[in-house]
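Single chain ahead, by itself, as structure tokens, in the form predicted on its own.
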């Protein structure tokens, strides 16, 4: 065979190999992009999640306007800034943050026969009803006084009861699937046993006689309580790929094993040092919290070992970015001189929004994108909404960090109106308005997808 003919044959062979590889990759992407069965209960939970996101953001806009134009508060009577704050925070935590996880659970425990579950839908509606009762109580000034644990009176009883109702729905669905071969029923039963403790824990922790360990020098949480609460998030991030997707590790299990060993090591730190009163000046508090920095590297490596729908990668990258930034800035903010300068300032607002609007929202949209019908998933993955949301969030966080730095140097910065304050708060309001509009678009898309179903 001549040289040119041989080269031509090799070139044809390479093109054919590339064509086959491309065809296989596209076939895999089509399989991953196919909509999986989503139970009615999970669909309902997703729709309600976007509703509460929209409502909480609406309250946030009102609060930002009150800070920008304090005189407008005269028209609100007894519904003051202090009464709206728990509504804003709790609707985000127990509505937008929690309901996508409820949808995920209803999907994991879905009956094998795919029949609609009226009980599952009822549990979601009951969840939203309890939030409405709670919101009315908070607007009336009925609160335990503890941030994110404001349940009191009827609301304190109703919300854990609704959680127990949801648990009973999950148990009933597990019971129907208990004969499925393999370890899945056993793992799900362990999950149910863990979840059974949550309603009583919420009821107990909401009591006025119970209070977590306090940092005596800042009035905020200790390093170990921050580490412990963050490890719950880390555990969730580790479990979602295991339960939702297929791993591609093969025999190369170094990264997942390292992740779980690191997690257990950090749990050991929390158990050893304990949840007791301590300050950020204790070296073991900020050093123990600093071990979370390992996840900035480990978590992206861990997620790389699983198959994901191509469309979901945008929100996955955002989730990992905000998570890494949250861990890094959280630790830096806890260092002695830094925390002494920033405590009780707008820097705390910046960090909270970095967590909620940045990490939590990206995580929820990534998770919903895996669960939702294709019509809703397409709206979630649209680039314009993605960049508007993350751009507005970044703007909000930066502006509040700057305001916190000014406030730390001069506590009267947010009280005495000045050009710098007005400019920063106007940018804050504008960024919040963008977030509100995007959440409205997503809620309408969720409603439309629900109606079409």
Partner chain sequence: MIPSLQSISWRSTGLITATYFYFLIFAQFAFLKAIELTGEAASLKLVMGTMGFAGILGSLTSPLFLKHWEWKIVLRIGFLSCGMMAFLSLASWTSAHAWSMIAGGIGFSLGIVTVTLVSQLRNLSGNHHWGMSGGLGTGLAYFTCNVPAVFRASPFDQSLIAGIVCVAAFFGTSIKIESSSIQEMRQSSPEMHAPFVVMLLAFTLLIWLDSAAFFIIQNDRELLGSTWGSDTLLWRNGSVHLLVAVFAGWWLESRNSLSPVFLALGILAVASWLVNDALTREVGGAIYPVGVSLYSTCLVVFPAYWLGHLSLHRRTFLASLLYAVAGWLGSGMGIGMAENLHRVPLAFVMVVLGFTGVVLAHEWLRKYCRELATCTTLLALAFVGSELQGNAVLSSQASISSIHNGREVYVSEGCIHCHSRYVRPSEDDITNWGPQVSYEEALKECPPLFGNRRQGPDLLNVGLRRSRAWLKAHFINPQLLVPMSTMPRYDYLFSDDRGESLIDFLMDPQASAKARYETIQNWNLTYPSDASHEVSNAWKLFQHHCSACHGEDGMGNGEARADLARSPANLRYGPFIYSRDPKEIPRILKFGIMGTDMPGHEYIPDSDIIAISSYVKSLRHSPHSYSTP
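It should be emphasised that the depicted structure is a prediction, and the values quoted were computed from it without experimental measurement. Numbering follows the first chain given and starts at 1.
The same protein also has a form predicted in complex with the partner chain, omitted here; what follows describes it.
With a 4.5 Å cutoff on heavy atoms, residue 67 counts as touching the partner chain in the predicted bound form. In the predicted bound form, the partner chain lies farther than 4.5 Å from every heavy atom of residue 290. Although the partner is absent here, residue 156 is a contact residue: one of its heavy atoms lies within 4.5 angstroms of the partner chain in the predicted bound form. In the predicted bound form, the partner chain lies within 4.5 Å of some heavy atom of residue 414. None of 204, 167, 81, 175 but one reaches within 4.5 angstroms of the partner chain in the predicted bound form through a heavy atom, and that residue is 81. Interface residue among 382, 304, 284, 146 relative to the partner chain in the predicted bound form, by the heavy atom within 4.5 Å criterion: 146. Screening 367 to 375, 257 to 265, 320 to 328, 343 to 351 for residues having heavy atoms within 4.5 Å of the partner chain in the predicted bound form returns a single hit, 343 to 351.
For the partner-free chain shown, 125, 126, 129, 133 of 123 to 139 come within 4.5 angstroms of the partner chain in the predicted bound form, judged by any non-hydrogen atom.
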